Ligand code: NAP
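Read the single chain below, which is given as structure tokens and is the form predicted on its own.
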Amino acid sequence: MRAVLLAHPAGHSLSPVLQNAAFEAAGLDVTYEAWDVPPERLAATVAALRDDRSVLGANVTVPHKRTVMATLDGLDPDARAIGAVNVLRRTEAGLVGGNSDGAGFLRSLAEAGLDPAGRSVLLVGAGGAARAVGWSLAARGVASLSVANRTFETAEDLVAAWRQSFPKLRPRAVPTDELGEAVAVSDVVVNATSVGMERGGVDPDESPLPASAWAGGPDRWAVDLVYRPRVPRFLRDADAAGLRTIGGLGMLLHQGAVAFEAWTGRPAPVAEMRAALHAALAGDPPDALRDRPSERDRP
């Protein structure tokens, strides 16, 4: 049996490391492969997966999380509400799309000691991952949710859908000239863009926010979905300003665990998956910051 990742590009992904460790630990004869699928080949690739009974399921990532929806036989309610898919599983009805990003994100926050309920959150980015993260935060009961994006209209379209589903929350899009103010009044700032990603991102030493935007304060958090490098510029700037930080490795781990459980019906071997990720990243430059809160905040 096989499971696959549909991505473009695909070479930078650690999902094969993560899932192959999980299948081995669970004693399952399944291999996980990363496929580089250009957008024009997506529909044909999904059709081939549908016909190939040796494929257990699939992950979907950039740039296919939204466009893949039109190629599937069904959608889970959460994926339909979020408007993005990152997990495909085989059912009697065909290939059904789900979303493990939101659940994985919340698990990673809980593991780091952050409960977003009742907090004000600024989400930077409006792509597929941002959709899942924002939806999960709204459903978790944040006090306020704002979205900043390079293209304001994209952020506005996103929050318009959330306003219908969460009318009491009243999420808002943030214009560029109000970004500094939005950062200052937010308890949690989340980078859901690819800016700062070492491979496949905009620039590995850039941040979606200027260093001057950060201001410290009690129990303020910065969360980055980027996991390579382990400590991107976004988190370095936030840490320097006194915020607590969470890197993207935890979300990668836990969304992968949710996907494994969806494919197999078994609990994910999280410890073995985590060990495989750390081993794969062992050659990265060491740093005091990791995928956890800053050391200054530990008892």
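Note that residue numbering begins at 1 and tracks the sequence as displayed. Fair warning: this is a prediction, and the values are worked out from it, not measured in the lab.
What follows is about the form predicted in complex with the ligand, which we do not show.
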Candidate stretches 266 to 274, 29 to 37, 51 to 59, 243 to 251 - the one whose heavy atoms come within 4.5 Å of the ligand in the predicted complex: 243 to 251
Exercise: G128 in contact with the ligand in the predicted complex, heavy atom 4.5 Å: yes
Interface membership of Y227, the ligand in the predicted complex, 4.5 Å heavy atom rule: yes
4.5 Å heavy atom contact, T151 to the ligand in the predicted complex: yes
S194: touches the ligand in the predicted complex, heavy atom cutoff 4.5 angstroms: yes
